[in-house]
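Only one chain is given next, in structure tokens, and it is the form predicted alone.
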């Protein structure tokens, strides 16, 4: 692979980040880190959406300017992602000067092309969605289905984008690129939405919404969310509609995006509105739009009224975790591709203890301990060369890559744990402690070395989920964790001294262990 460019949805800063935001960022970070192991030019964009009526109203209620409010809340998202080791390449804010400038140029280009026109309009506006809704979008009681509030009737003269002009082209693209929308069971949903689309409002009257990017040459209008927010995916990497080559070298290298990760609730905007805007700009479409599901809490939808909204770092604090890896692993493996997942304290504790502490961590710890006990931490030349687990390990690498090609992050994690379980069974079946006791030292050394060779593969595969744990595993194995997946051979260990007793440490302590509670 020459490059890999992935993005998340940009989060609206009207409130603090919660576990749903964290799920999307962790999922994308795991995908990004995996593909970083397969190419040298991987890029990960995330950020915040900072314009609109809700920001305007909430900042006024808090007695501060919209910009101050955005600055305060954008930092909360940055702090949360830092705590979760979200290794993004760039964090864009839609209040960034460069973004606003390019958005104005994009808007002007579409006006000049005739794809944006001015039109008087009376519509049903939901401030929660920041969107105009049609009657068919509402519930039987006339409410917004997402916010369960009655939209207000708004009459304005706004600029509209000719979405209907691109309807047939979008349908054709979806049908000729069956993997454009992931998972595939979302395709019919989008095709059904396309049947009744109308042109969309892309500006608001400044007297009603003042917090937005001004329309050049029309000071009474501000650019509405779709042109502003959706364009971040190209403005961030240097797109410029006035440049004959359409922007910077970074843009020409990275675009189109390889996958754009978004929640299923905003799939319509990313699979219909966004492709139409790109077509109007004569730009290629993203290769894939990945619509993930929602995270429920103890099988209940998150709700302020239920009091079950969890902050991204709340789990780390509750379990006194010094690294975010357990939470990252749990969230990334919480749901099959595109389906809903669930978080519960008990399931979290049970799963990470079973997979990360008991199975994977204990496997490495006891194998290294036996190497020290029986061979002073040395790998002898006669221990190398024969490994019954090699084929299984290399097949797992291929399987994990295959799952990531389809963004099946949970499914890939299951393959990794299967390899851990197979290796644990190999240890049990061969009983190196018995071999040592019986004086069959060479066979004992071969078994231990075979396991440690496979552990280097496991370290590489688990790295996107658990970068800190994988780093500690690699350190104890004297293994280069930056090894590309295509270069894995399962024979990186060499004859010589590997480790001393004092350097063997648990890579992850059980959440409820006595040692964990004593912070040892």
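Positions refer to the first chain, counted from 1. This is a predicted model, so every value here is computed, not measured.
The same protein also exists as the form predicted in complex with a small molecule; that form is not shown, yet it is the one meant from here on.
Stretch 265-273 is the contacting one of 265-273, 439-447, 180-188, 397-405, since its residues have non-hydrogen atoms within 4.5 Å of the small molecule in the predicted complex. For the chain shown alone, residue 194 is not a contact residue for the small molecule in the predicted complex, no non-hydrogen atom being within 4.5 angstroms. Among residues of the shown chain, residue 355 is not one whose heavy atoms approach the small molecule to within 4.5 Å in the predicted complex. In the predicted complex, at least one heavy atom of residue 10 sits within 4.5 Å of the small molecule.
Not displayed here, the small molecule is approached by residue 18 to within 4.5 Å at the level of heavy atoms in the predicted complex. Residue 226 is the only one of 348, 211, 226, 166 with a heavy atom lying within 4.5 Å of the small molecule in the predicted complex. Checking 161, 107, 233, 327 against the small molecule in the predicted complex, a heavy atom within 4.5 Å turns up for just one residue: 233.
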